[in-house]
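Only one chain comes next, encoded as structure tokens, the form predicted alone.
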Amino acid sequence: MEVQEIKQRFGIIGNSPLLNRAINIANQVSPTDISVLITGESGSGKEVFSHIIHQMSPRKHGPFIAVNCGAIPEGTIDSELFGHEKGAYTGAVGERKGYFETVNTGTIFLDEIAEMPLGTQARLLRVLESGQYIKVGSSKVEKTNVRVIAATNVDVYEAVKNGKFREDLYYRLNTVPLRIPPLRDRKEDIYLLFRKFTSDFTDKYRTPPIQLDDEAQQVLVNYSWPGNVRQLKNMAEQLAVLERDRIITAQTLLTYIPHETSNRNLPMRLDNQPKEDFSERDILYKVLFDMKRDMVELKKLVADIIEHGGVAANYSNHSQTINQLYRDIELPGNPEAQFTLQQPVNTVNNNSNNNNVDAYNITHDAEEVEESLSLIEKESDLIRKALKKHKGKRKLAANELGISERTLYRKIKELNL
């Protein structure tokens, strides 16, 4: 059957290449009995494709049932799918047939398969591989001939890596992957779908036809539609019922778009990495490494001065850089101590190549003291600097330090700052 014929038979609207490819895959896989894993966002129409596969398969005269695995409690899902014997658990007053028994020779559609518990996944894997299962509370092996179509709106492979989904079941279900494109990837279909939905609802509720002006059409097409076709259909129904003015403007249309999602299609920087709450030790290590880097840079500059001591033109650049470094590095135990690069004490002959280090007189106003290695002192000093820099604003200081505001409050109290 051609793609266009399938669209007409199942009421599918759209000409997107991604949609046509999905329909073509469903058409090719339908005559077989292999398992199909349908992936796509919520509201994109995964269940419609499960009906297409079933109705175009040799099992079309057999039963079809759709089961939402995420809506069944973990304690009863085994009983729902495979059945149970009388007395299998508290409340099991009689024998019960499961879906795999009642849908024998037909098709079972397992929606939200990623929500299925791991124990049930092991039972399902056995059904897929051998067609065998055991009822809850029984020891007798049962046989079934059921085709399984599964669907999910999450990344199953990611769930496998996180240990939430069995890897062997994933590869067994994913024999033929079928991805349903989200509505935002089918921009050419959005207005067609909207017109179909509004036409249906105006006929249903006997209201005048709905039309969109040019700006409203642009808003409709450029919106991201996180709820996909389901969200578009719901909005079309609201417009058909609520709006008295049947010419819909962009301003009117925006009132039906949720404010928290209305800017999703705007460019933005995405940061999926969680913000780390660094420990105090990590902060101190960072400070020490920065100090070491500054000292290495200082040594390079001093060596450069010694090597080119006769070049007076380099003096201003070197002195400014060195003095800035010394201002940034406070000596532990004597924070007032600063170094200053003095002007040359002797006249320097620009034509001379004499690299006399005495041409520069590097002095300091404080005696050399042994550096304190106390983590508490370093931590206290660092917090004081951050608070001083941000004029006592603790939230900004906490962000500067890379810790949470709550941690900063605790450290201020502990260190009696």
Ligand SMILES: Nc1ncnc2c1ncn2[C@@H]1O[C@H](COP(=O)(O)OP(=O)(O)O)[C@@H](O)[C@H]1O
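Not measured: the values here are computed from a predicted model. Numbering starts at 1 and runs along the sequence shown.
Omitted here: the form predicted in complex with this ligand. The next part is about that form.
- In the predicted bound form, this ligand stays beyond 4.5 Å of every heavy atom belonging to Leu18.
- Among heavy atoms of Leu396, none comes within 4.5 Å of this ligand in the predicted bound form.
- In the predicted bound form, this ligand lies farther than 4.5 Å from every heavy atom of Gly62.
- When contacts are judged by a 4.5 Å heavy atom cut-off, Arg123 does not count as touching this ligand in the predicted bound form.
- Per the 4.5 Å heavy atom criterion, this ligand in the predicted bound form is contacted by stretch 224-232, the sole one of 249-257, 224-232, 293-301, 85-93.
- Checked against this ligand in the predicted bound form, the candidates Val29, Val67, Leu387, Val48 yield a single residue with a heavy atom inside 4.5 Å, and that residue is Val48.
- For the stretch 170-193, the set of residues having any non-hydrogen atom within 4.5 angstroms of this ligand in the predicted bound form comprises Arg186, Leu193, in sequence order.
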